[in-house]
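For reference, the chain that follows is the form predicted alone, supplied as structure tokens.
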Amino acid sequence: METVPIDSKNVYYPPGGILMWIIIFLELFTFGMALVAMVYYGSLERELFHESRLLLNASYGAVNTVFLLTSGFFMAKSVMELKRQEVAKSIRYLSLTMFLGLCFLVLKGIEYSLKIEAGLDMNYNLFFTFYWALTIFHVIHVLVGLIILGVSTYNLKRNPAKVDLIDIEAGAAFWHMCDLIWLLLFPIIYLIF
């Protein structure tokens, strides 16, 4: 059985490489600033934001949280198995990660269609401007993450000996960033206001 080479960089080098972590910090900063703006404007228009939040289905948000957190667990298991040179197990965990990411997108698509049918689009009010902007931006990140993981899975299946662990770790770091961003979005958008 072919094995994946183990990355021998020193312990101070972040998993996935420094460039990926720069991207992650920039993305977290961008989402953070948008959330700060949402909270600020929400504090100015408390009643509007509260009434608007009640138009959301928190159950959809909670189920999507479970999907992403579970996918993050499987992503970590995939990296762990790859470090053990268990390529087949790593691929299975990557596949489960992607499946749950797709479940997230399907449920988010259902939620979006219900909002559009109800006339709750981006122009409905300021709360929904934030809702659409933040969640669509997050969905784009999940799509990019799925593409990264899909390419990683394809490469692992095709020729595991040529796959560098740092590439898989970079995909994992990006995926965990998507998880973290959702963990910030979910309570602020669905629960707080």
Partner chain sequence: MKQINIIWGLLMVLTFATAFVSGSEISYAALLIIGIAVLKFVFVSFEFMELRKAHILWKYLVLGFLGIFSMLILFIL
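Numbering follows the first chain given and starts at 1. In this text the structure is predicted, and so the values were computed from the model without any measurement.
Separately, the form predicted in complex with the partner chain exists; it is not shown, and the next lines address it.
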{"property": "Close approach of residue 120 to the partner chain in the predicted complex, 4.5 Å, heavy atom", "result": "no"}
{"property": "4.5 angstroms heavy atom contact with the partner chain in the predicted complex for residue 80", "result": "yes"}
{"property": "Any non-hydrogen atom of residue 46 within 4.5 angstroms of the partner chain in the predicted complex", "result": "yes"}
{"property": "4.5 Å heavy atom contact, residue 101 to the partner chain in the predicted complex", "result": "no"}
{"property": "Contacting member of 55, 161, 62, 140, with respect to the partner chain in the predicted complex [4.5 Å, heavy atom]", "result": "62"}
{"property": "Within 4.5 Å of the partner chain in the predicted complex: residues from 55-79 (heavy atom criterion)", "result": "62, 65, 66, 69, 70, 72, 73, 76, 77"}
